[in-house]
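Here's a solo chain for you in structure tokens, the form predicted alone.
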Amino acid sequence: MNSSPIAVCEDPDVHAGPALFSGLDSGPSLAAHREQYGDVPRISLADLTAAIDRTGLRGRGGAAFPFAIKLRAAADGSRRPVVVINLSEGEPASSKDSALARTRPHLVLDGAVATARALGAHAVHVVLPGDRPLTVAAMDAAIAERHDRRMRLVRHVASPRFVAGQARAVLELMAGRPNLPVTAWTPEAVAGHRSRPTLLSNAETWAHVGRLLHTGPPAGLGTDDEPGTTLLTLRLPGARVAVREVQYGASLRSVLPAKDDAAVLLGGFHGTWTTARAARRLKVSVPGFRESGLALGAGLVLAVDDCPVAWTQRIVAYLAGQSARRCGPCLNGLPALAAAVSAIDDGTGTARVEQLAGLVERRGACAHPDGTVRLVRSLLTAYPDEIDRHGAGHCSWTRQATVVRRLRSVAS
């Protein structure tokens, strides 16, 4: 199995921000948190729903799904709901959940606990990442500080696998089965853990809920259409990994000082490639990115000063090995797609790549094949000339290495 082309970073530089990352100097303890925010807010379901509606809060795990829809679905069920904090971000390049766990664990927990109380739930399940021991330790320490007998905090540790954090994979883990995605036709907010309505969101989403309940709507932050902030993981050439809180509507230029010839991957391994020049013209915005054919996804901004074709080949090979291997698109389609993307260097063109992308897309049990196809298609769109150069045995970034590889291929 191919390893990730990017190592997990649990200790990023975390910069002070206007909301979630305000007051970082006080530390992550419960005492410091209560000093800043007070006790867990008590709020009725009606008031909670109204508050969420006013902010238009969307999930920060990648899909940007409206939180209010999931909240209402969970509340409307006939059985007692389940609340889940998903910290098992399978995206190796993202560090925002780790940053929250190490700096703002009680804001995350407050958001989930207050919501669970409003829904009448008796427990909050906390799903931790199996490949991030410092993150697990930080959340365990935070959980140990809380002594609410009326709200159990139940911890689970996910497998160190890209797809382990997918919603249905998380529910499988909680049920004691292999931590892999399964086919489901009903949203987990309607029928999730043990068929109960399950409100599952990632750590950043819960932190925003917590902040909202403690301080009210994010006045003066973001735009009228997208109020508030979001977290970005920044991986820039020659710099330490950093997590920054930025307002919606802010220019991406403010956090992206990369050179014009740098390639930029936005969103994550299921995200989209673009050029640094194009990226710096963007405003941080979920619909704005979509209108540009890009994805904010898990909030990754990766700038590289080497070849995006080679990066994509490594990422797709890694993603092909991370699938659940339970449906045709993952079992057969992704390895074939990885081989076709790799064969671009052999001058085979992109026809096979495009054919396989069409066969794999929208046919998987989860979004893993679709996300992989999104990445590949964005490469074809953003760097068509570079793909042609690779087909001719050249590379704008690593010309010599590609020529050598082709000569070796001919010799064999």
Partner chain sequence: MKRALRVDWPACHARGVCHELLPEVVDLDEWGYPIVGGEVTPELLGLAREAVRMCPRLALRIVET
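Residue numbers count along the first chain shown, from 1. Here the structure is a predicted model, which means the values were calculated and not measured.
Only in words, not in the display: the form predicted in complex with its partner chain, which the text now covers.
Only one segment in the set 46-54, 24-32, 363-371, 342-350 has any non-hydrogen atom within 4.5 angstroms of its partner chain in the predicted bound form, and it is 363-371. Proximity of Arg326 to its partner chain in the predicted bound form: non-hydrogen atoms within 4.5 Å are present. In the predicted bound form, Ala242 stays away from its partner chain, with no heavy atom inside 4.5 Å. Its partner chain in the predicted bound form comes within 4.5 Å of no heavy atom belonging to Ser195.
Looking at Thr381, you'd find every heavy atom of it more than 4.5 angstroms from its partner chain in the predicted bound form. The single contact residue among Ile143, Val286, Val255, Ala184, judged by any heavy atom lying within 4.5 Å of its partner chain in the predicted bound form, is Ala184. The listed set Leu375, Val40, Leu356, Ile387 contains one residue whose heavy atoms approach its partner chain in the predicted bound form to within 4.5 Å, identified as Leu356.
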